[in-house]
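A single chain comes next, written as structure tokens; it is the form predicted alone.
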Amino acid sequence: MGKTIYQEKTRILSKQKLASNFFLLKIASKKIAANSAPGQFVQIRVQDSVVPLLRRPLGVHRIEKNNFEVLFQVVGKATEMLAQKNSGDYLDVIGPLGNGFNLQKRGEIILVAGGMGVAPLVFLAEKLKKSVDPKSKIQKIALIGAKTKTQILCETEFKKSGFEVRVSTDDGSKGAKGYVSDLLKQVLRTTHFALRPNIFACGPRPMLKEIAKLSKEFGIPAQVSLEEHMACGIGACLGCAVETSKGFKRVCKDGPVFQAEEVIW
């Protein structure tokens, strides 16, 4: 039985500028909020005109009752248009789309976010907070990486979900200097885990490739959410296909979350 996908005219409840070129939208949709899982995304039509022609895929960032949030960075004309929207404006949204993270495996938890990879992982952290027994003393670590300190987002949100947060920046302006994958390697080498940890990661492809290598090196399972250009969002156009050990898979339909070991990097 397939998952139900909704197309709705949704109303923006609030807009918040978090940092330079980073915005948070809270959007009203009881159906999308009630049916979204961590790792899934929505396709947003930015304008009713033909420009931009394609919808923009954005990961579901948080769920709050009958509302959902999306976190995005202005990187082009479409996201610039989206950033100009205000409370009370309406957006044509399709979702929830794709397959999210598999939360059935139990063990220690490591979240690894590179740049905008924090967006879906906050939703995952809040979901794990509800599902993991606080008395179990399972370690929950969130690693956040960005180019510089002004682009480090969502520290507070991860901490509220009970995660120990560690940060790295490319320029060393906050936390450890270097890539977040280097920080993950250090954690795996120096941390004693009572149970085998599970890695959940989202970020740029080079980062995820390094995490896949570390997953194999340390024998730790990793789920990665791929960031690919998506046109249709429903698997029809085949524009986001990636090679895996099981053949070519569509990131929007079969993913965006895959087992790291499956992806041919």
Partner chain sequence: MKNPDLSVKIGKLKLKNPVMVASGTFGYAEEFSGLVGLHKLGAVVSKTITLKGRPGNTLPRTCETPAGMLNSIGLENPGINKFIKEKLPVLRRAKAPIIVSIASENDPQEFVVLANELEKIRDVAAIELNISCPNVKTQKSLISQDPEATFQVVKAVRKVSTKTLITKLSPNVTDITQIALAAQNAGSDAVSLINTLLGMSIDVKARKPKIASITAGLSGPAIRPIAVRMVWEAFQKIKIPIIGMGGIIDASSALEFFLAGASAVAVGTANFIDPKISNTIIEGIRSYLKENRVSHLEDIVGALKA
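Everything quoted here is computed from the prediction, not taken from an experiment. Numbering follows the first chain given and starts at 1.
What comes next is about the form predicted in complex with its partner chain, which does not appear here.
Residue contact check for residue 34: none of its heavy atoms lie within 4.5 Å of its partner chain in the predicted bound form.
Not displayed here, its partner chain is kept clear of residue 221 by more than 4.5 Å at the level of heavy atoms in the predicted bound form.
In the predicted bound form, residue 30 stays away from its partner chain, with no heavy atom inside 4.5 Å. At the 4.5 Å threshold, heavy atoms of residue 13 stay clear of its partner chain in the predicted bound form, well away from it. Look at 196-204, 66-74, 213-221, 53-61: in the predicted bound form, residues with non-hydrogen atoms within 4.5 angstroms of its partner chain sit in 53-61. The single residue of 89-105 lying near its partner chain in the predicted bound form is 94, the criterion being any heavy atom within 4.5 Å.
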